[in-house]
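Only one chain is shown below, in structure tokens, and it's the form predicted on its own.
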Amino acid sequence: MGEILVGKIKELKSDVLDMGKLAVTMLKDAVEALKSQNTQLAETVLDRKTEIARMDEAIEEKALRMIALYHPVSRDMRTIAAALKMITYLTRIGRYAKDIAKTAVLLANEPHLSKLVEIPYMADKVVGMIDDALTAFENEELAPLENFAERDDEIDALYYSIFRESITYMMEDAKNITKCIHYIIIARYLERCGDHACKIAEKVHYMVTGEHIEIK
């Protein structure tokens, strides 16, 4: 029974990591589609929304079956609990990627302002946080999470910077209003993805140590 559970836990973690890679790729592709005004790339992000939803359901079902059949305790139970939480956060990241891709299609024929007011830079920072949280989960180590609070503060600062710059463009020319509102909304999506990266990090910390923390 113990060896079987170990194998099932390994399989579950692999599934979560695959879902994480999908969510990250969707987010990166959505921002790249926005930046390069590539509607075909944006459409591929939209097409992947059903796949991430399917993975969410499949992993949840697998995790609940493991609890019912193998009655895991201690570290194993914490790993399963972390996985169940993480797939929710990853699904939300995928949904934000989908929404950014939709905006990329809407703005495909509109020239961008000032290198997209740091949106690609902000996206890179957020993707880095998600990647590090997934690495910590994969390796069951806390080192990649050590400065998450500071990185989250940087993401928040970037959001407010994009917000202020967008308002300035809107005040300079009313024709920029619609475009800049989209920029602000996208920055908000990215800020929320950063928050989800922090929530994943919190669950990984609990999985490894058995202690709950709040990254803020």
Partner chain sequence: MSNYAIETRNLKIAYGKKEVIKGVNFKIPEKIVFALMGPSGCGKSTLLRSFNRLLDLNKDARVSGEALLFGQNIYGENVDVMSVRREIGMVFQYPNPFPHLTIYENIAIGLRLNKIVQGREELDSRIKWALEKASLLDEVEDRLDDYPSALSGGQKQRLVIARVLAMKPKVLLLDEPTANVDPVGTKNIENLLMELKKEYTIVLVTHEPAQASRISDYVGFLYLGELVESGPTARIFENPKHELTDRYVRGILA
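Being a predicted model, the structure only gives us computed values, none of them experimental. Residue numbers count along the first chain shown, from 1.
The form predicted in complex with the partner chain is left out here; the points below concern that form.
Listed stretches are 124-132, 91-99, 110-118, 73-81; the contact stretch with the partner chain in the predicted complex is 73-81, by a heavy atom cutoff of 4.5 Å. Among residues of the shown chain, Glu3 is one whose heavy atoms approach the partner chain to within 4.5 Å in the predicted complex. Residue contact check for Glu214: none of its heavy atoms lie within 4.5 Å of the partner chain in the predicted complex. Contacts between stretch 191-214 and the partner chain, counted in the predicted complex as any heavy atom lying within 4.5 Å, involve Tyr206, Thr209, Gly210, Glu211, His212, listed in sequence order.
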